[in-house]
Each structure stands twice: as structure tokens, then as C-alpha cells.
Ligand code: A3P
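The chain below stands alone, shown as C-alpha cells; this is the form predicted alone.
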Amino acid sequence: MDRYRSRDHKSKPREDIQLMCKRDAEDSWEAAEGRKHARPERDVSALSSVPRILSTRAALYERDFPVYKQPVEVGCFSLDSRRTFFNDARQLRYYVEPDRKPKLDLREGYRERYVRRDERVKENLDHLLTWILANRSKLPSRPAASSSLLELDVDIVTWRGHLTKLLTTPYETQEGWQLAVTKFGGTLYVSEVETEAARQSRESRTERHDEMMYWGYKFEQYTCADEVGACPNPGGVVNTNEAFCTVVQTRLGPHKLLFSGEVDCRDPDPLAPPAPSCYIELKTSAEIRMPKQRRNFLRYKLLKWWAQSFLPGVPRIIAGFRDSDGTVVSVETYHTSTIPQIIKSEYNSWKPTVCMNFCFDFLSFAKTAAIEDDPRVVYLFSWEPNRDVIYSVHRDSPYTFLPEWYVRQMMSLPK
């Protein structure tokens, strides 16, 4: 069954997405309506008059697992306590295994030593774009139509978190999303837009919720050291401005991806495999005491943990399970590759193939929609639970997110 359909031509015959993926963007755009259309001129209003949708029904994506190439780290960067960018690994930390029966108080230091990042500041893709400009020689390029523009040989540039949202969409029941897509130099740049519901949730966050968010960072402080062989410093300041991020390249089917994601720590063993296979994801979760808690953990939390780690090729997730008072009482290790086996026997559970196929189809859908190569044009894709993905087109709008400094420097870089 086709995931694409038009609101204006519901009775028209529809092509299968697998066939559409094999066509170029223009032919796909025409075929999806069931009849030929002349390709529109560079008139965004003409595009917005033809709304298109993508279904999120999980059953539609139960086909063979798509080809996903092993992610390769092409670089990294660090952000300091003021969110200043550094093109190096100075913020990388090393994992220190806690005691077998830990008693880690996650509440400690919440009121005295907690510096929160200002979530009202929307950074979009800025740090990743800064990395691209600083490491242009590491990335392959392709011949550009414009003599002044240097084109990346990449189809998609985005954050790992945005792709995680796509992977989990067929099973998400609570939170919608908006993704802004701009085509520039033949590459689609994908940046999240905060929904109104997300803004209201952030602004009405309770003290308890805020403290529980701190617990995750505090667990990292208990289990990470700044140097190999050093001890963690749980008496230090927890500053959520600081971050170490990996930048990886991979391919999902025909889609060449370049994305970045924050990394908690790495294996201190000098014989550990190279990045990203040496990285470790740290998580906290409520202690599981009842069958319902276990079902929810497997159905929702483990899905997000798997998606977040599978995408960049992080092999291990170390989880601290806490009691109701915020004290970690046990630590478990999950291997990303075996998580699908853990949930396989659960009734009506999520399926990795559905997650990856939906992401694959969304990227194909975005390529088909975003035909105008212009940093001022944004294709805004929106989704709410139990609805289809829709999009609208905006020129010179508040949704524009590619900064002028990036566009200008990409236009002036030597080939």
C-alpha cells in the first residue's frame, strides 16, 4: 500500500513508494498525483497548493530491513560551559564503572551546583554547520551547477535527535514534531522547530520534572572521568551547556547522511575499537517492580534508547535504575545489537524494520517535496500522533534557519 497520497486526488491511482524511490525527484513528484503535471516554476505558492501527506501507520512499513551502512566518524567537536564551539575532543569523558550495588544519590547538588542550558535559545544546526566549514576538506564534494558554490556530496545534514524522532514516529502516541527542511547546494538540511505543545510543556515544567531531568546528568557525573585512569568528581558542577559531539557519515538506502549527536563518554580501554564503536550511552530509568512497568519500559523507553544508539553506531547503553527517591540501586548494560531480541517476544511491540523503513520513506518524501534549491525556502513537515505527515512551504519566513554566514562561506569556498 502506498504511503503517499494527495488530498485533492484521493480517487486517483497511486504508485508504490519503492518505485517512486527509483525515479528522480521530478518524475516522482509527477507520478504521485496519478497523472502528469508540468514541473512548477520557482513559485512556492504553486507548490503549497498541492498538499501531500505521508502515512505513519506501522503496518505499511513491515518490509525488509533497508540497507544501513556502518556509520563512520568523520570528526567531532566540543561545546564548553558557554556553548563556545571547539573543533576538538576536549569535552570527551571516560567511563568509570560504578560498584555492583551502587547507592548513587542523584539529587545531590541539584540546588547548589546545577547550571542549565537556556532552552529558549534555538541553535538549530549552527554548531554542526560550524563544524562543516571548519572541516570542509574531510568531506567529499560533487560538481556544482554554480561555479561559486561548493556542494557537499551528502543528501541529508541534520542532528541525530531529529532522525531518532523519525525512527520512533510509527509508535509514538504522545508528542508530535515539526521538521524544517531547506535544500541548498543539492543537500537537504533538516532542523527541528519547537511545536506549540512542546513550548507550553517546557514553560509549565514542574520543579519535580526539572529535578528528574537533572538526575540523568548527575548519573553521568558519577560514572565519567575527564582522563583515563582518573576518578569521577561528583562534587563538581553539573553544567548542561557542555557537550562532546561526534559527526558521522552513513547511508540509508540511497540517502547519504551526515549527522551529529552528543556522546556521553567512551570506553577507556586503549584496545577499544575506534569511534563510534568505543562510545557509550548513559541512561537512567525508574526501578522496574511491576509487570506494567516492564511493559512500558520495553515498549517506549527501550525503543528510544535503541534508536538513539543504533543510528550513530554506539554499541553499549549503560542504565542506572533508580528508586522513587532518586537513588541509583542497580546498573545494567544493554547491547544495542541485542535489544531487538529482548523486545521480540513482547506482544504488539515495536519493530526495528518499521522504524528504519519509515525513516527511509520520510527522507524520500522530503526529497520529492523539496525541489527548490534556495536557502530562503523552508519546507515545514508537521506530524501529530494518529495523523499523517503533512508539509507546507515558506519563503523568507521565521522558519528560515540556514544562517547567512554559512551560505556566504559555502558560496565562497574554493573547490
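Owing to the predicted nature of the structure, the values given are computational and were not obtained by experimental measurement. Numbering starts at 1 and follows the sequence shown.
Heads up, the form predicted together with this ligand isn't pictured, but that's what we're talking about next.
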query: This ligand in the model of the complex reached by all of 216, 264 and 284, non-hydrogen atom within 4.5 Å; finding: yes
query: In the model of the complex, the one of 212, 157, 179, 343 near this ligand [non-hydrogen atom within 4.5 angstroms]; finding: 212
query: In the model of the complex, the one of 126, 242, 220, 151 near this ligand [non-hydrogen atom within 4.5 angstroms]; finding: 220
query: 4.5 Å heavy atom contact, residue 169 and this ligand in the model of the complex; finding: no
query: Partner proximity in the model of the complex: residue 308 to this ligand, non-hydrogen atom cutoff 4.5 Å; finding: yes
query: This ligand in the model of the complex: contacting segment from 127-135, 248-256, 275-283, 96-104, heavy atom within 4.5 Å; finding: 275-283
